[in-house]
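Listed next as structure tokens is one chain, alone, in the form predicted alone.
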Amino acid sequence: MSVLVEKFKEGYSLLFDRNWPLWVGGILLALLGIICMAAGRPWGVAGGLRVWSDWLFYWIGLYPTAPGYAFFLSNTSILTWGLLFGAFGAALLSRQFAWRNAPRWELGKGLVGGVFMGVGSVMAGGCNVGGFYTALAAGSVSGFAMMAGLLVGALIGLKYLMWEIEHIDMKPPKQKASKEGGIEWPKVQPWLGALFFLFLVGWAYCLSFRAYTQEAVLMLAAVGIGIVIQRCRFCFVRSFRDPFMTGEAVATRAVALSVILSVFGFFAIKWFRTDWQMIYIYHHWIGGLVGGVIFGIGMLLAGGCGSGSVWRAGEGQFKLILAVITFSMSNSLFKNYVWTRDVASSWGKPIFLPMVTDYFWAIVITAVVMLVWWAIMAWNEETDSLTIV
């Protein structure tokens, strides 16, 4: 019996005391993203955040009519809830959940960065996930444009952060002293995490009896994404920022690998389901490019992308909680009052890459772009030629 206990502890330590390699995260994200697509709703984050604020503004009387999507059980919303739940539960299991404050200046950057991300994600048709990662996997040409915009935005944001280091003196927030004799949370958190995941599985099982099987599958897949992202510290910001800041390209390789794997799965599904071909195909590249620049600046200010902000919020980081709130609200307001369907249409038509080439060449083009990005950043990792810090 003692041997089994020791083996269990070794396995638990392997899963929750150490971070998982980023390349493992890239493979698992691709697999879970394909499951979401097969279930009828590709993985995204910004759409769910918008649903939350659409309902908030409706409840306080700002919007005259109720949103067309349910607050919790709509496909878009439940994917973002699932991501948050998965990251929260994984943080508990790994004893990493804690309310973490930040200097006031940093909190302000979280608010502003969230607004930038909210606006940029509307223009690009999604955040770093829906507008770039999932869009490329789905064959949307706008995904390439947002990728270029994210690179430019990350450079601008990094330039600002360098200026900030030289000119702004920030004092760390006061930390509360821990009370003696209180609850030992590091010991309690794994038990709370296990109970939380048992609850989620039971809840998904109950949903399947109420004709919400699709929502249950999507929620469990999103919970899995939240676990993977939290355990790998998988943040898309790193893939765009780190090569210019430290020269490191580990995150870039993981994202490029994940996109290539996702393309195969998404295209296989779209090949057999021709009525799904235009799922996640967004308007013209201009929206992706401009929106990508704005979003890229925002994610550097906030210190987290769309998915990265949500999973860090699930760990209890105040700055990212504020970023998620302003991301959600600005996305909803900009979508309703500025970037209407007519405005979006005036910027161009959606382009599904396999319709321009065919499926084979669409896969080749996407893979080549990812491999070139990978190769340039790997070259920079050795030479620091593109590093500006």
Partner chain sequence: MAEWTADEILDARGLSCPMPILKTKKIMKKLSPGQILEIQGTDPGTRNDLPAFTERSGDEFLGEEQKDGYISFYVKKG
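Everything quoted here is computed from the prediction, not taken from an experiment. Positions refer to the first chain, counted from 1.
The form predicted in complex with the partner chain is left out here; the points below concern that form.
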Choose one stretch from 197 to 205, 119 to 127, 256 to 264, 163 to 171: the one whose residues place a heavy atom within 4.5 angstroms of the partner chain in the model of the complex. 163 to 171
The single option of P190, G247, G316, G108 touching the partner chain in the model of the complex, heavy atom within 4.5 Å: G247
R273 versus the partner chain, in the model of the complex: is there a non-hydrogen atom within 4.5 Å? no
Is G224 one of the residues lying within 4.5 Å of the partner chain in the model of the complex, judged by heavy atom distances? no
Taking any heavy atom pair closer than or equal to 4.5 Å as contact, tell me whether E6 reaches the partner chain in the model of the complex. no
With the partner left out of view, is L386 within 4.5 angstroms of the partner chain in the model of the complex by any non-hydrogen atom? no
Residues of 18 to 45 having any heavy atom within 4.5 Å of the partner chain in the model of the complex, listed in sequence order: N19
